[in-house]
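So this first bit is one chain, no partners, the form predicted on its own, shown in structure tokens.
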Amino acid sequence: MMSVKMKKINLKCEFTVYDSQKALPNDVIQLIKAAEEAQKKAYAPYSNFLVGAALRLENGEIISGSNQENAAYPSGLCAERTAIFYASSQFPNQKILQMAVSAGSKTKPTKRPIPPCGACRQALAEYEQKQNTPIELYFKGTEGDIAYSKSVENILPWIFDKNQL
């Protein structure tokens, strides 16, 4: 009979949650405001769920993006990927230091922080690894708490990356 070994792996994610923007540094408040402005530009006629993202590059530039839906659902794009892909195409040698995401329903309050979706986490993780520098994340709903993660890897532990290819 063959002996089978098994072990448990415990992955840990850690967040800081702020109940007000007042507790945040001014540069982060500025980034959140840019994400909120981008959220207003979202094109979401099908889901009515508006998302804005803003990121700060190491040169101080702030790039924003909003979700863009399409009747052929897979053809749309999330706010986070809109922003990072634009930043990478326009500023290819600049590191992404921080990202803020503001998200919520057009029809009802969104009272909890809304993190990036799985596809966006994977895309962000690739940029974090490429630049070998953590990307700080701040995310919020239309009202209430703001969550902070020190890195993308923190919200996507045991990531799939180029080393597996």
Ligand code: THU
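We number the residues from 1 along the sequence you see. All values reported here derive from a predicted model rather than from experimental measurement.
We do not show the form predicted in complex with the named molecule, though everything after this point is about it.
S.K.: At 4.5 Å between heavy atoms, only one of the stretches 55-63, 26-34, 108-116, 128-136 reaches the named molecule in the predicted bound form; which one is it?
M.R.: Going by heavy atoms within 4.5 Å, the stretch is 108-116.
S.K.: Taking heavy atoms only, is Ala100 within 4.5 angstroms of the named molecule in the predicted bound form?
M.R.: No - in the predicted bound form, heavy atoms of Ala100 and the named molecule never come within 4.5 Å of each other.
S.K.: With a cut-off of 4.5 Å between heavy atoms, is Val51 one of the residues that contacts the named molecule in the predicted bound form?
M.R.: Val51: contacts the named molecule in the predicted bound form.
S.K.: Contact between Cys78 and the named molecule in the predicted bound form at 4.5 Å, heavy atoms?
M.R.: Looking in the predicted bound form, residue contacts with the named molecule include Cys78, since a heavy atom lies within 4.5 Å.
S.K.: Although the named molecule is absent from this view, report whether Ser47 comes within 4.5 Å of it in the predicted bound form, heavy atoms only.
M.R.: Because a heavy atom of Ser47 falls inside 4.5 Å of the named molecule in the predicted bound form, the answer is yes.
S.K.: For the stretch 55-78, I need every residue with any heavy atom inside 4.5 Å of the named molecule in the predicted bound form, listed N to C.
M.R.: Contacts from 55-78: Asn67, Glu69, Cys78.
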